[in-house]
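Just the one chain here, the form predicted on its own, laid out as structure tokens.
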């Protein structure tokens, strides 16, 4: 079954006078995974329910391959499948759980067993048909839930925080597995999550939600590489976009004057253009200010001053500044100690021209 294209237009949904979703337009491209990313309460799950035809918006419409669809369109609903944060497995065998949707669709019994076996193999559980669903770990249960969804060969797959309840190690492993499964399946997928690393792992495209609205959307590298505003930058663990003007372009590499600091980016721009720049924290390397920079293909290297250090899980977000250039780097606890970093300490920053995202302003 060919993957579908989904378009959301002018969708508004309110509860008790409070707007939960207000989306002017959002597209899910065929065969790609769109991560719907945002903090808790931003409207992600409500939008998924609307796209999945589980509830009707107050205004606006959902289009499936260009045709308007509603919760009353049985054929459209049957072309979709979903898995949620809690797998909702019932008593019985794993095969019973995976086959549930097939039986509702009255798939011939002669085909059910083969389809179930194939689906379990795709999620890494070959030969698990006869096991009890009540004996599974959290990660195994999520694999079964995914198998139950993809066995239906849906045109659209909806995943609502499927890994949120798992421990960090299991989440990391399953996110990589989900990425592989979704790419092999080529199903149009909406993947709701509040976890940026998870979104980076599984998604082709991303839409960031804030207070019911989509504030940024596009390919993952573009959205994560160049935040559209200050709030989005903070949510992504970045600093707001750097402003500059292109002064030279040679062999596809642009030299950009950012208030006296020259930065280099691989970008299709012209001399004289005003641009905005961004670089992901994980792409920035820090060195002691007096150390000799190692031979590298990185075009960007300059001295700056540490202005902020914030713990972020197992790593630290270190903000450095020189003039109007203010960027963040993500480093380990060991690197923080080795570099003896503190606010006010000078450092050298190093990053590649290919790591810099550029947009005309």
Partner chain sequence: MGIFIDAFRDGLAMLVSGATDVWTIILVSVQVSGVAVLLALVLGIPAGFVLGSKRFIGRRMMLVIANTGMGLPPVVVGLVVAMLLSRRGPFGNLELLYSQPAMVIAQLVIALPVVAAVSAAAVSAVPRELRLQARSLGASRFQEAFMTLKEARMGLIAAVAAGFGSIISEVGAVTMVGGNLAGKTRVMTTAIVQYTRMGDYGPALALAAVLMGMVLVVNILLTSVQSSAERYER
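Residue numbers count along the first chain shown, from 1. All figures in this text were calculated on a predicted structure; none of them were measured in a lab.
The same protein has a further form, the form predicted in complex with its partner chain, not shown here; the description that follows concerns it.
Here is the short version: of 89, 170, 269, 215, the single residue with a heavy atom within 4.5 Å of its partner chain in the predicted complex is 89. Of the listed positions (107, 289, 134, 113), a single one reaches within 4.5 angstroms of its partner chain by any non-hydrogen atom in the predicted complex, namely 134. Taking the partner from elsewhere, every residue among 54, 78 and 82 has a non-hydrogen atom within 4.5 angstroms of its partner chain in the predicted complex. Using a 4.5 Å cutoff between non-hydrogen atoms, residue 255 does not count as a contact of its partner chain in the predicted complex.
At a distance threshold of 4.5 angstroms between non-hydrogen atoms, residue 240 is out of contact with its partner chain in the predicted complex.
By the criterion of a heavy atom within 4.5 Å, residue 264 is excluded from the residues contacting its partner chain in the predicted complex. Its partner chain in the predicted complex is approached by residue 148, whose closest heavy atom lies within 4.5 angstroms of it. Residues with any non-hydrogen atom within 4.5 angstroms of its partner chain in the predicted complex fall in just one of 118 to 126, 269 to 277, 97 to 105, 256 to 264: 97 to 105. Residues of 179 to 207 include none with a non-hydrogen atom no more than 4.5 angstroms from its partner chain in the predicted complex.
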